[in-house]
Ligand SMILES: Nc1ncnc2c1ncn2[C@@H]1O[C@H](COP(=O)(O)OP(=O)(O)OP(=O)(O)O)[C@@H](O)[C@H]1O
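Shown below, as structure tokens, is a lone chain in the form predicted on its own; questions about how it binds or moves come after it.
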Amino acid sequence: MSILKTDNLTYKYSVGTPFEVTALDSVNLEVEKGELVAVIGHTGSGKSTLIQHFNGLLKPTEGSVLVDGQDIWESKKTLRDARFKVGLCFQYPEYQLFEETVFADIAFGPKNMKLSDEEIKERVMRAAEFTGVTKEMLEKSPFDLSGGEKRRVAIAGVMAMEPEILILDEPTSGLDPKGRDTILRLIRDYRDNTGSTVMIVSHSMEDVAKIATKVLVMNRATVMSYDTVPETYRHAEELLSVGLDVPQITKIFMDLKRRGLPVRDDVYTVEQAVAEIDRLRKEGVNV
């Protein structure tokens, strides 16, 4: 059974006014446990609106959201449970840090779960270790940290709640290449080590190619496709046609194919490109 499901999920802003807009239109989606799903789409495609439904920040205009097979809006209890099962980390989460110490900030979520002091401390230490937050950093004010360190602290605060589903909105936005790689590695390792389901919203097709197992493509408030990474990038022309980008290496191989070379149409990493060129050379193709 899927861990997360939407059934004809529709959401409209400003209902009953001249400014009414349909942000989600009959979205049907099933996400299996343990997937690392990248959510992509142009600005206004419905990405952020969609993820805010998964832990009840927004209530559907029509349709339903199910977590572990349970409609999250069935009762106050199911809604509260969903908000602990689904951890949502907004874009630029470091701007949401507010406690006096890093430890207190990471502990904020677990405290709201009414856990014992001992359990809270254990969760904080686990999340801190996982995200590379040192014991020295735990005693500091979050405002004394660098941008990348703040980002890791904010993510640790969501991880400390140990959600079944972790959702991160543009987790690498604004970071330098080293910081981006650190956050991506953290996300991939978290999913691999915990078995949790992870979703990231991203504009970077290179980031998607590096870590995702599935890609959800949103377009004009609907699901354009939901498939594996290779299958998604096999339709690069369609992605480009709706205003999305593809990895630079994919564009190069698209051009090679147009020039008549018998290359694969699902190359999206440098490693795959090297392997494909080696294959062609062994077959006697002049590349």
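Each residue number is its position in the shown sequence, starting from 1. If you're wondering where the values come from, they're calculated on a predicted model, not measured in any experiment.
Another form exists, predicted together with the named molecule; not displayed. Remarks below refer to it.
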field: Candidate from R234, H42, K33, K257 lying within 4.5 Å of the named molecule in the predicted complex - any heavy atom
entry: H42
query: Is there a heavy atom of G46 no more than 4.5 Å from a heavy atom of the named molecule in the predicted complex?
result: yes
field: Exercise: E170 in contact with the named molecule in the predicted complex, heavy atom 4.5 Å
entry: yes
query: Would V263 count as touching the named molecule in the predicted complex under a 4.5 Å heavy atom rule?
result: no
- prompt: Any of the heavy atoms of L9 lying within 4.5 Å of the named molecule in the predicted complex?
  reply: no
field: Residue stretch of 25-33, 48-56, 66-74, 248-256 approaching the named molecule in the predicted complex, non-hydrogen atom distance within 4.5 Å
entry: 48-56
- prompt: So which bits of 195-218 sit within 4.5 Å of the named molecule in the predicted complex, heavy atoms only?
  reply: H203
